[in-house]
Each structure stands twice: as structure tokens, then as C-alpha cells.
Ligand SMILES: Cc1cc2nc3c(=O)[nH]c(=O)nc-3n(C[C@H](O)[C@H](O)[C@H](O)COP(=O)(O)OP(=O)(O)OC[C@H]3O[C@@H](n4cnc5c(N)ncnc54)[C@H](O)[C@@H]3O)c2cc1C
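Only one chain comes next, encoded as C-alpha cells, the form predicted on its own.
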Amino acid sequence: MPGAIFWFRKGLRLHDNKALIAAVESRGKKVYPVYVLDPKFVNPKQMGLNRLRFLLECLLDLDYSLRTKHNSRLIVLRGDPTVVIPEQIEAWDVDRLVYEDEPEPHNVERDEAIKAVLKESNSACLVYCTPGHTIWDPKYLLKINNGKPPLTMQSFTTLAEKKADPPARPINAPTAEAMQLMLPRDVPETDKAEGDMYSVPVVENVKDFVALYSSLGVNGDQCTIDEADEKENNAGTPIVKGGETEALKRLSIKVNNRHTWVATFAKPDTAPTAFDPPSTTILSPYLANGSISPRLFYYAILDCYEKNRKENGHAHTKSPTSLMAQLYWREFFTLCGRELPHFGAMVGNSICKQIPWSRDMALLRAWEKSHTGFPWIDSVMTQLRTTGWIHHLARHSVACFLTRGDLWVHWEMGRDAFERHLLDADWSLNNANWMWLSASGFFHQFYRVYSPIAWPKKTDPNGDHVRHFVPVLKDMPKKYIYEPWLAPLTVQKKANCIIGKDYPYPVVDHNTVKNANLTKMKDAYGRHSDGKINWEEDVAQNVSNADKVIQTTGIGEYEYVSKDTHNSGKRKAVAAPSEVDSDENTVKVEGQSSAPKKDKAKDINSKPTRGNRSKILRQTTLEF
């Protein structure tokens, strides 16, 4: 009798897996549980070592559960799914392919390509797909919202809480009896000396990492890792271990057993510099890989709200800062990513401002590799590369710094770096967040800039985060921990950290580029308002005039070299100006009671009133 393939993709779990239930209920059919390592995504440009380790831990845990609970196993295929899936359908005599829906456009295209291959080959295999990556089926939300995705969090919250029916309760994992047919007895094995060709690969170090990529047919040049990266990758430790077992354990510890904490959770109140332990649940990596069901998480939060109401008699926090709202953000952005054309790019994206960003690779690498000379930025990026996770406000800081705040580098390049390193990398969320933080889409208050100096001084005055992740600065006095280039040479020597030798000078003068970038943003927004946009011409001019930075040996000095003129000039590094040190989620712009502090480029003396507030906001940079 023909069998069935159940294709694990993002839903790397047995609990609340409707697609898996549909597969094992195929009466009398032998079910092959399959995962495909696709070189299009499993490659060094898109998946760093920590993220790969986390994925493989998820697969190992799934394989262990299938073996110990159901006398089965996970079959890991390698290659392009549009090739290897049809091949195995024919080889195993399969007439049913079942999987959980993945809403991203590129995954939809892949699935359609597989269907086309099967149709062209006159295959009798039927394809079944069920939702499961989100709380609500995106098609259902579109239907009740007149066929269009909401474009603000407020409108999505209204849709979720006032228009949508409550989602179905999560279902249990299939029973042992239901899983009896999941026995891939006919799967051939290679010679015992070479091991099982369908097993989950083991990656313990960079060499294993490169070998796996090579086995997937990744180009050899892409597999090269320099000595510094190899040392860091070998020493890196992901912040959490992958797998459904760990996900359920963490949900129990961080959510189920803390109903008061869950009910009073407010994202802006969590600590962005806390890392041992972090101040949030760190369940996002498990949601991204589907090791935990979003519906299970949703109802765990609701149960906590109800327990808190009965025990403490007070209401829970509300969207957009509540713990439930963190799931709403995920649903909201996933729906936008599914429905809005060209969501993963600036050009052709109807909700994205067309801004002439640079694509300066030197600045991008300095940012990604923690060589910016700004300790807070370098500390956060080191945490990202070595642990695979950073707090959402830390993400705000480094994203703002790379784009509109300081370096003026294209948000798409920052997005790609986050995709490489984040354990919770998610295509829709990653694109949406980078559009938001670069003030290209969703969020348009571009005059609000994260200071790489003043903001961490407020959140971590002693610089504990920097001292841990940038140990060369561990003995720098508190006064200079965020501006070490200002420390006298005697202080630097005492701290065993000479700026320009042991730690780099700042790649830019924050005050200078902040005001220059504000002008660029005003111009880009103005041209959108006027309908005068020539994106290709702007980008060409911006790239040709892109500034490069050459570090010099003078204390507090660095040299700018213009690519088109090759003229250079030294500028002194200066301290940050007076800044509004407020959390982004609590700064009140409309109706604020006092005037924004003076901007260095514009001297605005009047307080914001009903008549002049909009003018002031166009001219003033709010830093926090």
C-alpha cells in the first residue's frame, strides 16, 4: 500500500500539530517523518553557527522523541526540496504529502514549485497543508478584515480581540496507537562505516560546520571562516538549548508558574542589559522554529491572567506592551509579510519609504564584528554573535545606529546580519522590525534617535554588559566606559586598554552624523510627500560620496576619507550632547509637557504649543 510523507518544516514538535495528526490518520498508510536541510537557507550567509546548532538540537530532540516514544525516527534529507521531495515520493511509493503551512512568500513559491513538479511527472501524490505557525489562520484574519491586512498594531489588536473568534485550544501530541504506522522500515542505510545517511548531522565546531555546508553543495568560497570567527564560534554558547522538550520546560518555568509576573509584564520595563539571567522569557527561538505551539503559549498566558484575576483581583497589562501583545506583534507582522508585495525589500514595497541608504561594506563589517569603537554597540553585537539573542531594546539600539542614527547603512544589510545570528530569526518579523527601526515603515518618528552613549548610561550606569562582552574594557573607569576615547592616556594605561591599539576609535562622530542623517531623513520624507522620488539616482549619488573612516593613532581623533575626492580631514571625538534619556515606548511627543532639549543643529527656543509643535518636531532630534 502506498505511504505518506510528513514533512517537518517550522513545526518541529509533536504537540498541537494538526498537520501531523492528519498524516498519521491516513488509514493503513506508512508515514515517513522527513526534514530537509535546504542549502538555500542552511548556508553561512543566512545561518550562523549558533543558529545552526539550535536548529540541529531541535531536530535531535524531535528524532529522540520519535525513537523513544513511537519506535520511529526522523529522516533528514539534504538538498533542494523541489528536487529531493519528489524523488522520495517516487522512491518510497508515496501518494500523500502532508505539511504545516509556511506563510512567507518564498516558502509559498517553493511549495507551488513542488506541486508543479508532481503534476508534470503525472504523480498520483496528493498534497495536504494545514495552518499551525500562527495562532489564527492568516486566511481567516484576512477574511474578517475585508481581505486586507491591518497596517498598525492598534488595528491588529482590535481585529484579534474584538473581531476574531477565540482560537481553537491546542491539541495533544498523537497517541502511541495513532503513531504505530510511523515506521520507516524500508529506508536504506549507507555502509555502517559511514553511518546513517538520513541521520541528524552533528556539528560541534567550525570544521563540522563547514563540512555540513559542503555536503549540501554550498559553494566552497562561502564555507570559508577566518581564524577570528572560528575562535569566536567555537567558544560561543547559545542562550538556550533547542528542542520541543526544552521549549515546554521553559514555558512551564517562565510562564505557567508565574501568573502574577505574566499579568503585570510590560516589555519596556524589562532590563535590556540583563543577560544572566535575561529579563524576558526567551521563548521566541522556540516559536520561530515551531518547537512550541503559539496557541499553547496563547492559552498559557490567558490562564495566567485568569489566575491573577482570581488571586489578586486586578487587571493585566494591555497591548502593545503586555506579554500577550508580544504574540500579537508576531501575528501582525506575519500577516503583513504574507500579504504585502516585496515585503522583504525596500524597492517595490508600498509601505516602505524609499531612502537612499548606502551599502558601505566596511561600516557594515565594523558594526557586525564589534569594531565600531562605541562600547555599547560593540557589546550588544558580541552578545548577538556569541549567544544568538539580544533584548528587543538592544536590537533597537544597534539597528538605529546602523541606519538612520549613525552609519546610514541600508536596513536590508542589517536584517541579513540578524538573520545569520538570531536564534529567533523569522523572515516576516525581521523585515518588519528593520523597517520600523530605520523609520522606513510602520514607525515614522525618525527624529527619535537612540544614543549609543547616553542611553546605555541610563540603563547600565556601571557598564556591566560592556565589561562582560567586551572584556578589553573591563577595567575602564565607570566615567569612561561608554566613551573610552575621552579617557586620559594615564587612565587608559591603568585600565590596560589603549584606544587605537587595544580598542578602536569611534568610526564616526555621533553628533555630526546624527544631524547629517536627520537632514537626509527630512529630505527623503519630504520627497515622499511631494511625490518626487528618484531612488536609483539618489542611491548612486550616495554610494559615490560614501565616507570611509580610517582610524588614526591620535587620542580621540579619526580621519574621514571621501571616496570621490580622496581629501581627508581630522575631527576631534566629542562627548554626546544633552539628550532626552527616555525609553522609546514611554517618550511622549504629542502633548508633551515640556520642550524637547535643544538640538545642536537647530536652536529652538519656544515650547511646543498647538500651533508650533509640528514645526518643532520636524527640526528637533530626540535622543534617548
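As the structure is a computational prediction, the values presented were derived from the model and not from experiment. The numbering used is simple: start at 1 and walk along the sequence shown.
Below, we turn to the form predicted together with this ligand, even though it does not appear here.
Inset, instruction - Heavy atom within 4.5 Å of this ligand in the predicted bound form: which of T280, Q88, S123, T387 fits that? Just give me the one. - result: Of the candidates T280, Q88, S123, T387, T280 is the one lying within 4.5 Å of this ligand in the predicted bound form.
Inset, instruction - May I ask you to choose, among V240, V94, L422, L363, the residue with a heavy atom within 4.5 Å of this ligand in the predicted bound form? - result: Of the listed residues, the single hit is L422.
Inset, instruction - Kindly indicate whether I351, W357 and K520 are, all three, within 4.5 angstroms of this ligand in the predicted bound form, using heavy atoms. - result: The answer is no; none of I351, W357 and K520 reaches this ligand.
Inset, instruction - State yes or no: in the predicted bound form, is some non-hydrogen atom of Y198 no more than 4.5 angstroms from a non-hydrogen atom of this ligand? - result: No, no contact at 4.5 Å.
Legend entry - is_contact(R330, this ligand) in the predicted bound form, heavy atom dist at most 4.5 Å: Close contact exists here: in the predicted bound form, R330 approaches this ligand to within 4.5 Å, heavy atoms only.
Legend entry - 4.5 Å heavy atom contact, H510 to this ligand in the predicted bound form: Contact check for H510: no, nothing within 4.5 Å of this ligand in the predicted bound form.
Inset, instruction - Spell out, yes or no, whether the shortest heavy atom distance between T134 and this ligand in the predicted bound form is within 4.5 Å. - result: Residue-level check for T134: no, no contact with this ligand.
Inset, instruction - Tell me the stretch among 369-377, 492-500, 396-404, 67-75 that has any heavy atom within 4.5 angstroms of this ligand in the predicted bound form. - result: The contacting stretch is 396-404.
Legend entry - Contacts with this ligand in the predicted bound form, stretch 287-326 (heavy atom within 4.5 Å): Going through 287-326 in order - heavy atoms within 4.5 Å of this ligand in the predicted bound form - the hits are L287, F297, L323, Q326.
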